[in-house]
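One chain comes next, on its own, written out as structure tokens in the form predicted alone.
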């Protein structure tokens, strides 16, 4: 048996210590940028003790009903605070509700019930409110739909039906919420080759809810056109999203080109599932926000800085 007091544990030992499978650990590493294992001489993963402690906290919170997408990127201190505050919640209540909702949505997709799908999503929106609907319902549901398609449980046209239904719902919400005089003025799009635009609509809905003015260019906008649109709309921020399928080697060069073209007065915020692969990449004038909560925090920080000026 391996010594659990060792400063570094193998992936098998971490699986035993935390109850998180090897597949989950590898998936989080790619999707969320945590954990960040070291490597031994054979190239095998080794996990420092502090990361194992953090993984234990994450597993505890997941068991209490919190989605991984909400907590994996959080600090150990924040996770400890969340663990203390969640003790009053019945264990697994939220997970059970989420699993039931996912089953309903997947069944509607397989049954080609577009109207039923829209109505069910809309009821969830009214029930939880826009912010919780986006963060706690849509984010995990979208992931579940993608996973079902990857396993062959959904056809590609059924995944497209889901995307269309969610886009319809979010666009209506953004139209009703977006304020012409809202701040900051945020331009949202993706670069050529990035067809996944659901993420930018989700974060645009959150920004709009919090009083920002959002301008969406849709997907696959060339850098030169983004720069021109940012100037034409007097944007304060340009938000880009990168999915897991976008070539990682192309992200930083594209961001550098955009940074040069839009000038220093416009901020660039970057999110999406493809961003954690960059790990600790740092680029002047570019803020990496893998989670939507981090993008919201960036907006609040932007406002507080403007108030000080």
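Not measured: the values here are computed from a predicted model. Rigid core here is just the name for the largest C-alpha set that superposes within 1.5 Å across the two forms. Positions refer to the first chain, counted from 1.
One more form of this protein exists, namely the form predicted together with a further copy of the same chain; it is left out here, but the text below deals with it.
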Task: One residue of 77, 183, 224, 119 in contact with a further copy of the same chain, assessed in the predicted bound form (non-hydrogen atom, 4.5 angstroms) - done: 224
Task: Heavy atom within 4.5 Å of a further copy of the same chain in the predicted bound form - residue from 31, 70, 56, 45 - done: 56
Open item on the list: Is residue 156 part of the interface with a further copy of the same chain in the predicted bound form - any heavy atom within 4.5 Å?
Closed with: yes
- [ ] May I ask you to check whether residue 167 falls inside a 4.5 Å heavy atom distance of a further copy of the same chain in the predicted bound form?
- [x] yes
Open item on the list: Residue-level contact is defined here as any heavy atom of the residue lying within 4.5 Å of a further copy of the same chain in the predicted bound form; does residue 299 satisfy this criterion?
Closed with: no
Open item on the list: Can you tell me whether residue 257 touches a further copy of the same chain? I mean in the predicted bound form, with a 4.5 angstroms heavy atom cut-off.
Closed with: yes
Open item on the list: Given the stretches 204-212, 140-148, 122-130, 227-235, which is the single one in contact with a further copy of the same chain in the predicted bound form, using a heavy atom cutoff of 4.5 Å?
Closed with: 227-235
Open item on the list: Where, within 104-139, is there a heavy atom within 4.5 Å of a further copy of the same chain in the predicted bound form? Residue list please.
Closed with: 112, 115, 118
- [ ] Please check if residue 289 moves between the shown form and the other one, taking a CA shift of 2 Å or more relative to the superposed core as movement.
- [x] no
Open item on the list: Tell me whether residue 13 is among the residues that move between the shown form and the other one (Cα shift of 2 angstroms or more, core superposed).
Closed with: yes
Open item on the list: Following rigid core alignment, is the displacement of the residue 22 C-alpha between the shown form and the other one equal to or greater than 2 angstroms?
Closed with: yes
TODO: Once you account for a change of 3 Å or more, let me know if residue 19 and residue 145 sit closer or farther in the predicted bound form, using their C-alpha atoms.
DONE: closer
Open item on the list: Closer or farther: the C-alpha atoms of residue 50 and residue 289 in the predicted bound form, versus the form shown, with a change of 3 angstroms or more?
Closed with: farther
